[in-house]
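Here are two versions of the same chain, shown separately as structure tokens and labelled structure 1 and structure 2.
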Structure 1
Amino acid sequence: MSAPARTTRTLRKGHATPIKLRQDAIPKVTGKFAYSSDLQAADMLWGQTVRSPHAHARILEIDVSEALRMRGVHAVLTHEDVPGKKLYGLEFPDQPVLAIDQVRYFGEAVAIVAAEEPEQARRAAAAVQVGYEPLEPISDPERATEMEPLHVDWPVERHGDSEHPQPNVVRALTIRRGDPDAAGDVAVSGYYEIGQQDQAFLGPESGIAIPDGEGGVDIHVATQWLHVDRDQIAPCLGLQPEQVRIHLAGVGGAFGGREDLSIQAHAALLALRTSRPVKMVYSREESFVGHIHRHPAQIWAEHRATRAGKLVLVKMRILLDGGAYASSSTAVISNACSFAPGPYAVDNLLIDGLCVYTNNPPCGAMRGFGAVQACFAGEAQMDKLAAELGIDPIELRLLNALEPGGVLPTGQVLTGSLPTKDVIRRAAALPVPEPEELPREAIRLPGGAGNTTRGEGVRRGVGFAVGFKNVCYSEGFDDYCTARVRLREDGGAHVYCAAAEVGQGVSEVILQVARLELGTDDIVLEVGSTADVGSSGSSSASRMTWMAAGAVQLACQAALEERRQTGVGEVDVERVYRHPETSPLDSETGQVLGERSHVAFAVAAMRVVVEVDVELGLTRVVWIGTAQDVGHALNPQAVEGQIEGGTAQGLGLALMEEIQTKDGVILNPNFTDYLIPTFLDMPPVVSELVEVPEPDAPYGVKGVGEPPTVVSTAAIVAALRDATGRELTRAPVRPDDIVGL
């Protein structure tokens, strides 16, 4: 086989570096890549979790005696065995390591077991006797503020918020600017719902904890944020941070679902209790309750405009179901409100956002968090408005497009790059494929190989949508990334960075930057570990390319400068990169208290062609064309891969993906009943990369993974509306929504 072609990309004026084949490409394709579930250690035990069968119940007693007597069992632990703090949490500590006096969601961890073999651990877990008194679950988020509080004595000082007068409020946010009663010539309104989506990553939660014999522990795990894992785990174990070392193991996808803890604290507790390594691997069913999901949303919207199509007022009320624990819900509701109007200029806004606790599965970060839900509603409203005005939907979007110099809903003046009009025009200009003639192969009809339609009732539809989202963390969060570079005397170098490689390709970005700055290909990227380098932050929020590139660039330049000044061949330096400072939002008005609440933004536009059998409710996405603002694409092929992957997840939310619950209990925790797109569901995706470098970012880069997910659900459902003539105000769209049952 001939060697793969290399593409040279300019990182900054006068410098270029070749793009090489990803180091993990061949191992992943051939099945040789070592994921966290493949880890082994001598003399290791297997861990298993005892989980609640109830969404809400009081714990009356836990009897572990029978389980402890079983063959091969070395430990059975409950909350009483947690040596340090009993609570943890991504934003603030509201979640118990193991349930204490009650369970708040179906599948919550109540006890953990360690045994010689996996089957022994499973049997011992089944033998743990837990007495429950079932309580009425809060399953309807609209009723949550009228119910008894799920949490008491929990922190309320978040983002400058004061304690909310109603119970079960994670965060309430109002963004108010201009006149909330401003009149327009035309008004349209709507109510929209978005279901709960799972990240559905390839590898379920897994990892191994190894005691060091001195009271500390090494945890090898698939995660998105090594140092925050450590900072949550160490207090629960009663240890100092340096005694808990988190090492990045092979990650089989993440998409936000690995930001929160899963096996980390449990495996460590068992390992320290037994003085032996403990491995834990979730089943697929367990994974559905072992991580957070995308927030289901209910959105009420009203748009007012002049007869010429200029937006006058946008009003929205957004309700998010946060589930039993907060996770990153405070940031998600903020994003949903901040991006509710879409990338459009409008002087008058009233956005009311509320995220509540319920006894439904916990929700948190998922690709595009908050912006996905807002885009679905906002873009449906723009299409409604275009129809009411008799204006072409694309022209309406161009007329109102937000660009640099414009003002965001939070009052922030938009600086940097955001080529909204160019992105819209380039997406709209992509040539749509001609309709295929009938008859044709069943696989190329709605319903696929099932051959339930021959094409008689099939209609074609074309949809268009635009969406945008922030890049990096916001609202005053101390967002930084650390990199360490060790130069060897022979001219090579080792780079240390705790940026989690979750499949997005940040490892290749780090290597590409290091090769450029150091002028050599002899670069070794060490495995991310809290033991070797400071925090890099999370692989989320479209931040990692920007932040890691900045940190590695600083560290490389500092290492070369130290060698030049000292003349020493062996140099070891660590540097921290921070992006421009952000500020919180005013708790009363939602207006930014400083120069900016968000660092930068990326916009995408998408055009979609679908076919729908309107008599059977079957759908087929025929073609997707998209243009995306990518700043400066360090690796265009990787960018296109991110666009295709993000589009696939948006397609899943549009057509098939939804966690079904009844009274908080998940009814479809498997890939037989929870459907995700396959290759046969994905159409050709044509991508236009719009490169306008971001002035504040290293090399002008932007994160690219989230905008395609933000916009694709809205665009696909818009195409379904065009084909069917139905409003289709809920995602995912079900067959009976189309046929009107």
Structure 2
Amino acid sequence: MSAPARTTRTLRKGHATPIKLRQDAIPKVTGKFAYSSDLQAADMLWGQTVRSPHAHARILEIDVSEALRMRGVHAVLTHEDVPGKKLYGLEFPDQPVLAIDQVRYFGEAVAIVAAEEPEQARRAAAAVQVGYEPLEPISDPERATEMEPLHVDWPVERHGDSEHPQPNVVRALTIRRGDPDAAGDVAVSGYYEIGQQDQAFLGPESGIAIPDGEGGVDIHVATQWLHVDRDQIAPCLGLQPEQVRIHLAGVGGAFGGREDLSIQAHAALLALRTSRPVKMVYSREESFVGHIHRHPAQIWAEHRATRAGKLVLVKMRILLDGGAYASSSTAVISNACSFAPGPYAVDNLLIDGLCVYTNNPPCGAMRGFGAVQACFAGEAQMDKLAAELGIDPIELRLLNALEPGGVLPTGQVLTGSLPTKDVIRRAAALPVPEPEELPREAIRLPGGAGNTTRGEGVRRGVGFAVGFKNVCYSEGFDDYCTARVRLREDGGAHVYCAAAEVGQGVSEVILQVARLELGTDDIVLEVGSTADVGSSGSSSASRMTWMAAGAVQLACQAALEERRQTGVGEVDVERVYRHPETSPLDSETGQVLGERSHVAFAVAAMRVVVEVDVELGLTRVVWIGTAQDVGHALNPQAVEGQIEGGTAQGLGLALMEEIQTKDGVILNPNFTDYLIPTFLDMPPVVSELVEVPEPDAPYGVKGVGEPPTVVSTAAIVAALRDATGRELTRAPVRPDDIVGL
């Protein structure tokens, strides 16, 4: 199979160094790259959102008169000013563009303001008088199904158990295989919790909407999927899809948090009302309520095995808190269930998944998408089982490893590549650094520059885990990617693809493929826009490299073919790429109704060394080594970057990151109180790329962004358990959990 030339060669100290720099690298290091928050337009106004201070309240009245009278204010809009559909949503429309008669979460948008200066807009927003009657919030997901329904139109029978409908069910799903009463020789059980994590991308939500003077609007925004933004917004604006053009502005990170709408509809409403461009930029605090989060989870697990260590049964009950609106929750709970046992072969399974509506912050996509929570519980169970059996935990995993030909919990037979054993062996073989001698610099001890110990009370631990996740969209979703190639007469080419460059480097993949297929370096990748090309699908689910490579390859080949036929002149072709078709799951058994519900899979194994000050509960991650199944690495430097960055996000969830709420109100919406890993928190990461080309993918690629995030939380907490001897069943692990308060 021919594949694009690798973009990197090894130059110094074993680091991959690019032959060609990614095209956005120099603009980004020199400050010239235009992010969505950097955009300006002549005669521009600034938009601001009025948000609910309550997690659940009835709206009695909204009085905008005082705000409208303020200097510089041009518009104050409420739900009454939404000309089209009042509701939108990724999977079904349950979320109002602006709150109508009630608010269901803290920070829900109630009104929007446009003014000449940002400060004027902020003050006018504060002057909008909203009368609320606070209602009891549903804050405990375990009680959600006993409470009054939050959504009258969306208890949605098709997402719940149709025979026993319960309120506030976003989706209930059971996966049943084999004998759920299979006994085995030994059993271990546990209860696990995962806190609510934020994507915490550094570039807050922002963009600009520019009216076109003919009733339509151009929206330049940082997003993950231009066309689905358009398809959600246009009906709300009462416009035809082609009247709403979405253009990708520079994206400051995404990680799932830009799948849902943020400023898009609001800025467009203000721009169309005022006939002026309107820019909106969220503050960090607003960003914490302006996007969805990772689902907090409660998981009850039971594993049974033979005395020899062969898994006999996995039972799990998974409860996800979906928050106030559905977002992509139906797919997240499905993913959590289908990856519940991890990459292990087991004949008997009973997985009960439930995602509920509450008045907590809405949850949706975040890197790992349900697999993170399942992995945390499942890998803890595997360690417990190994201890119970007296078998080495790595040997236990090898003994049960799922490989091609094996069967997944949904009954899908694994036909693609999945080098589970190789990944486990290579991660396990990475040499762990020797313990450092004492005394040493404070910065190399738990507590760091806080100088809290000289080494007394410090224990070392080593942990291991395996992470497992799908690549591409699932369950029968019509997932495709479009690319367009315009070959100029002089041989140069313009490539159009709406694939969102969110930092991961998909633009370079597109250029690599185009260079290979067209045989020229004279290629311009145009900015993604709904006006120029069909949908690419989302930069999500570790799918964009695969899908964009497939679409660009098809379009390049078609352009060359047309050139051969026409001989001369410009050629302009558009092509659509689809991956192998997927099928839904049976609503009773969770078994796949066709050949596959997922397209392909990736696995990663990770070994972690930690030091823990068991007297103070402080931790230091010393070293991380990982091996990951990456298909074929088109750009090894970028793949390593995904592994290192994805690992850091999992480290954050293991040790520090949690959105804290009280009665649905977020208590820590800022970087002072919501901590993400700093340079001092991250250890060196040694990564091995395990390359077994994926047979169904263009050039054998696989998505690589999510497996490191799936595995690292589990692996780090495993190391903390080794160091402390404690069960540590909740992530993030708090100092109190370690010292046993």
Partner chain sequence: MKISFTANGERAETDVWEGESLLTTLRDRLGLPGSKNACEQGECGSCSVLLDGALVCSCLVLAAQADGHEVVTVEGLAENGEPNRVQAAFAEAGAVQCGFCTPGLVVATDDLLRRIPDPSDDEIREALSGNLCRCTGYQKILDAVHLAAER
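Numbering for residues begins at 1 and runs along the sequence of structure 1. So that the term is clear: the rigid core is the largest set of C-alpha atoms that superpose within 1.5 Å between two forms. Everything numeric in this text was worked out from a predicted model, so none of it was measured.
The chain appears twice here, and it is structure 1 that represents the form predicted on its own. Once the rigid core is used as the reference frame, the Cα position of residue 69 differs between the two structures by less than 2 Å.
Relative to the superposed core, residue 672 shifts its CA atom by less than 2 Å between the two structures. Core-superposed comparison between the two structures: the CA of residue 29 exceeds or equals a 2 Å shift.
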